[in-house]
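Just the one chain here, laid out as structure tokens, in the form predicted alone.
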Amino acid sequence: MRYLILGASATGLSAAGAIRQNDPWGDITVLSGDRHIYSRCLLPDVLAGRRDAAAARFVPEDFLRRNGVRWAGGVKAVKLLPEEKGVAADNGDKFFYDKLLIATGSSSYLPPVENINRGRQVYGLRNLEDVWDITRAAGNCRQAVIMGGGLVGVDAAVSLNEKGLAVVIVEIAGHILPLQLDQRAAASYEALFRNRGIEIITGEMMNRIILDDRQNVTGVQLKSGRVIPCGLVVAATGVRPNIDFLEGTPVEVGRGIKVNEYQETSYPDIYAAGDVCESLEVFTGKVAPTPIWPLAVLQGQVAGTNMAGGRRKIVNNFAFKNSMEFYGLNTVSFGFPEAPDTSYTTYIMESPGSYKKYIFKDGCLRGAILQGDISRAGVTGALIRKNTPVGVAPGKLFDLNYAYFFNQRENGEFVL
């Protein structure tokens, strides 16, 4: 059996491992536009200089050899040829398969800002090449502007601040990290960042990137008219799936490649997993992209198992969980960061160095933020993921632990 995997991040290599566990003799090839294996979650560390690129690798050095995986790094798929069961690559070669996994991930989305595609020092932060480009540009300027105050933008800001640059974050929402935190929790980070010289502008949009006659970035202009001098812009305004090579093929695409609970696409023998696909997310009950690392691993394992003849359904496809740590302050959030409407009830407890928030509806937890003291995060996340009725008085909420919810099956297994 010939297995072809497009992509070498968490999804692709998790799938390779699962295939090898289920098929000791299959022929596995990984085709990747990346020349190296690394974790995208560790790119901010590489940018800040906390670790080198080699230390961003997330599998052992002998992973490919031990699993009998043929490596084709630095080679991108440019066209899917489903009738031939093949993939055309940018080096002119064709790669053929019996089972194909598309795990090509996503790329930075550049919003419609004037000059964004012309400026020479405008970058996303999705791969090692971005890190090297940003590092070179940072060496030639004193101030950078980060477009977007989500996790990627904040990570980039902290890394560039550590490199000695003045940094300005421009976020359209009323506070940074709007998808993960409420205003109160975000304010704690905003205070920490400002104390370290990072300027934060919220409720603002970038209108134009200002260039000189050689297309070098010299500043940005906001919608309000304010001009911020800078020599570098990092765009952290979302991602789009890498699916251009599927154009004109029968593989169905929505906001990503459409898959079922087995990670199968609409076309026989082709699977998709990770950031490139959209799937049924358990918290919302809706089909959507699920771009977080744990689900990239899980979906890759499910796809690999099924490519090798198994029949495993994905469970716990739960994308509404986040953890972060900046300047020593830890935060974990699950579900909604804010109550969506008045039918929800919110409980908050604050103490020095700690902020906890629980959002309820119909006796079930639908959102939580734990900042500072993140103990009991595990049980909180499990209750939200499973939509389990909590059934404790509000005064007990802040002492939740697994003992309240353990049940034992007939086989002796403990379950929440």
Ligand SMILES: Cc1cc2nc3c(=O)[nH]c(=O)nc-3n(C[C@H](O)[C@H](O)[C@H](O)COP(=O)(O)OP(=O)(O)OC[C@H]3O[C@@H](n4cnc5c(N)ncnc54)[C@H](O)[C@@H]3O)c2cc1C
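Residue indices: 1-based, along the sequence shown. A quick note: this is a predicted structure, and the numbers were derived from the prediction, not measured.
Absent from the display: the form predicted in complex with the ligand. The rest refers to it.
Proximity to the ligand in the predicted bound form holds for none of Arg184, Ser333 and Gly372, with the criterion being a heavy atom within 4.5 Å. Contact with the ligand in the predicted bound form, defined as any heavy atom within 4.5 Å, is confined among 238-246, 253-261, 113-121, 220-228 to 238-246. Screening Gly310, Gly150, Pro291, Pro82 for any heavy atom within 4.5 Å of the ligand in the predicted bound form leaves a single hit, Pro291. This chain appears without its partner; in the predicted bound form, the one residue of Val170, Val158, Ile270, Ala77 with a heavy atom within 4.5 Å of the ligand is Ala77. Under a 4.5 angstroms non-hydrogen atom cutoff, the ligand in the predicted bound form lacks Gly26 among its neighbouring residues. Among residues of the shown chain, Ala382 is not one whose heavy atoms approach the ligand to within 4.5 Å in the predicted bound form. The ligand in the predicted bound form comes within 4.5 Å of a heavy atom belonging to Gly274. Within 4.5 Å of some heavy atom of the ligand in the predicted bound form lies at least one heavy atom of Ala10. In sequence order, Ala103, Thr104, Gly105, Ser106 are the residues of 90-112 having a heavy atom within 4.5 Å of the ligand in the predicted bound form; the partner itself is omitted from this view.
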